[in-house]
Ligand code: UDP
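Just one chain follows, in the form predicted on its own, and it is written as structure tokens.
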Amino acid sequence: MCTETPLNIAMLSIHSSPLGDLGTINTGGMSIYVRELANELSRHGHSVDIFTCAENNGNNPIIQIGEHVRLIHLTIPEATPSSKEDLVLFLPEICTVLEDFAAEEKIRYDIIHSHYWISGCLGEMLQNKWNIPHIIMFHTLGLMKTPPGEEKKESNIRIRHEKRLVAQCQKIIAPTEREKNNLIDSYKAHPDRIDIIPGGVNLDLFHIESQDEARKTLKRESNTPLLLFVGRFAALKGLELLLEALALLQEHHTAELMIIGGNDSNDTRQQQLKEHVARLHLENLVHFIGRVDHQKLPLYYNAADLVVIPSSYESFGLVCLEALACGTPVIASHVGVMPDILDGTENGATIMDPDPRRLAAAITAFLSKKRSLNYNPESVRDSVKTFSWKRIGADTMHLYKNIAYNCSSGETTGQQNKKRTADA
């Protein structure tokens, strides 16, 4: 029987930093996932180095973000990628910089855990050089991202790399059974290579507070129903759909909408959305809040009557968990984890093939139902208690153990590193 020993984990998040500004173009649920998972693994004595090429904003190249967790910014000499996809062109150089770092630090890693396809390509290179297991979590899949009725947006380069990684990677983590089926049906993945491990929610941070007090703090003390959107402004997030539903909603309810996310006042996409708001005559009802620090999001969730997630595609849906953990119900598209925890409950509902009228009708029905029922936020919160990061970390560690521990010797390279350090 293997005895569990500490692992050294190389976690790759090349295009996005777990400390980036949430709601911006390259920073969303994946960043939260990487940070929370790394810290949970650290609590069990494992060491995690997270590697990124995302902008460092003048900080130190190595940032300690947990007891055994470091964020390491890799600088590529004389390279200026114009987009995240351009990072693929520089992966050999990035690989060399990462290898040099490991050599200088005298670290041998036990496992590579890649997040997103670009990191997966780098992880594949390192796997071949280091001869250690490589796990990938795609977080989103290119073939699934194009909104219905739109021309294909994702590049052939991405799709080709994803298909190759699916065929060659030792293990794939999918957050839901639905995403596992997407991998099997659209990418021909072998079912035995896929483990389902969901995303999680920080149940200490996201908790129930007084709605009245939350609204008072946010200076939104009216009795008007308050809807909330949290996320990036990418087309697949469905913000236009939500705005059009809000306009229709005024036939039955006057409701306001807070939108959290985006870059700044000069952001082109945000300007397009504001112009759409003006065309729909919703200027007094829609409030662009901008970016909100993750620690302050519970205030907004608690102030809202309803969180709306109108995405055409989500691989999981962390916003849904955060809202429910605050006792706030959710209306969402029938994507990601949402059908599993919303349908057939008092927590909200999902909409199949949503259009503005269907979404408006669902919001209207739920607002009416919420007012007529003896609504209990605690029962809503109870529905996501099994999604604690403690559980997600345990499931991930179990997967690591199955593929990284050498049962014949009972040692990992992490344990061998400690021996070498002691001998030195």
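For every residue, the number given is its place in the sequence shown, counted from 1. Everything quoted here is computed from the prediction, not taken from an experiment.
Heads up, the form predicted in complex with the named molecule isn't pictured, but that's what we're talking about next.
Proximity to the named molecule in the predicted complex holds for all of 28, 292 and 317, with the criterion being a heavy atom within 4.5 Å. Between 297-305, 162-170, 181-189, 210-218, the stretch whose residues reach within 4.5 angstroms of the named molecule in the predicted complex through a non-hydrogen atom is 297-305. Note on the partner interface in the predicted complex: the residue among 123, 198, 310, 231 having a heavy atom within 4.5 angstroms of the named molecule is 231. The contact with the named molecule in the predicted complex, taken as any heavy atom within 4.5 Å, belongs to 261 out of 348, 175, 238, 261. Although the partner is absent here, residue 367 sits far enough away that none of its heavy atoms falls within 4.5 Å of the named molecule in the predicted complex.
Contact between residue 322 and the named molecule in the predicted complex is found at the 4.5 Å heavy atom cutoff. In the predicted complex, none of the heavy atoms of residue 362 sits within 4.5 Å of a heavy atom of the named molecule. Though the partner is left out of this view, residue 32 does reach within 4.5 Å of the named molecule in the predicted complex, counting heavy atoms only.
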